[in-house]
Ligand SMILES: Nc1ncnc2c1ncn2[C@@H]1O[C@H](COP(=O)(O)OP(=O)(O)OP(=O)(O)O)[C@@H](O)[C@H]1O
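Single chain ahead, by itself, as structure tokens, in the form predicted alone.
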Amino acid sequence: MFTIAVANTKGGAGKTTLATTLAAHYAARGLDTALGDLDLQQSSLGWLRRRPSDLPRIRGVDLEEEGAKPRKKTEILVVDCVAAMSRDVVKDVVKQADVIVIPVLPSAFDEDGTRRFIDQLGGLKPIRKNKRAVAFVGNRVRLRTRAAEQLEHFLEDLGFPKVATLRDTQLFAQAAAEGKAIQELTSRRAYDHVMDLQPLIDFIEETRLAG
């Protein structure tokens, strides 16, 4: 089982949107996919309850329940991590994950919170020894703005790659309200935003195939 953790101890960075989008991608490829929810609000599991039955199946796992785990046949597990994780939870996430995807918004508050999270990660042996792939995703970015430029400089200084930039759009919220991912919308406007995701998917696939 290949595990993708979408994590940032700063709340509101778009973890659930990114986790559900990745889960939908792998389910559409025909892989047995599970979506694990570590968030007390259970937003990912709520998304699954709204998901139309004619779309590729994704199994939900409430990881807050003691002993909960995906079934043995699961090929891809995407974990929507809770914000404000304790150090022990961060350590456990790093121990279990093959890839850690960190969404970051273009704001000073998000940069401060993300830097604290990176400080936590940097102290863990699997990260120090490069045994876990870590990737940043700029999220809800308005291109050619000062905030977007500042985010680029911030991410360059953190020591891990920024692999994708997702532009600001209401299409992600529209899809989520329907229990879908953006790539499952029929709108032509969604195409460019779906393409924004491709570098992240390529990064994850390179890591998965290398393992």
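Note that residue numbering begins at 1 and tracks the sequence as displayed. Owing to the predicted nature of the structure, the values given are computational and were not obtained by experimental measurement.
One more form of this protein, predicted in complex with this ligand, exists but is not displayed; see below.
The partner is absent here; in the predicted complex, the one residue of R167, R50, R29, K69 having a heavy atom within 4.5 Å of this ligand is R167. Heavy atoms within 4.5 Å of this ligand in the predicted complex are found in exactly one of 136 to 144, 88 to 96, 70 to 78, 116 to 124, that being 136 to 144.
Among residues of the shown chain, L40 is not one whose heavy atoms approach this ligand to within 4.5 Å in the predicted complex.
The closest non-hydrogen atom of L200 lies beyond 4.5 Å of this ligand in the predicted complex.
By the criterion of a heavy atom within 4.5 Å, A24 is excluded from the residues contacting this ligand in the predicted complex.
Taking this ligand as it sits in the predicted complex, the stretch 11 to 36 comes within 4.5 angstroms of it through a non-hydrogen atom at G11, G12, A13, G14, K15, T16, T17.
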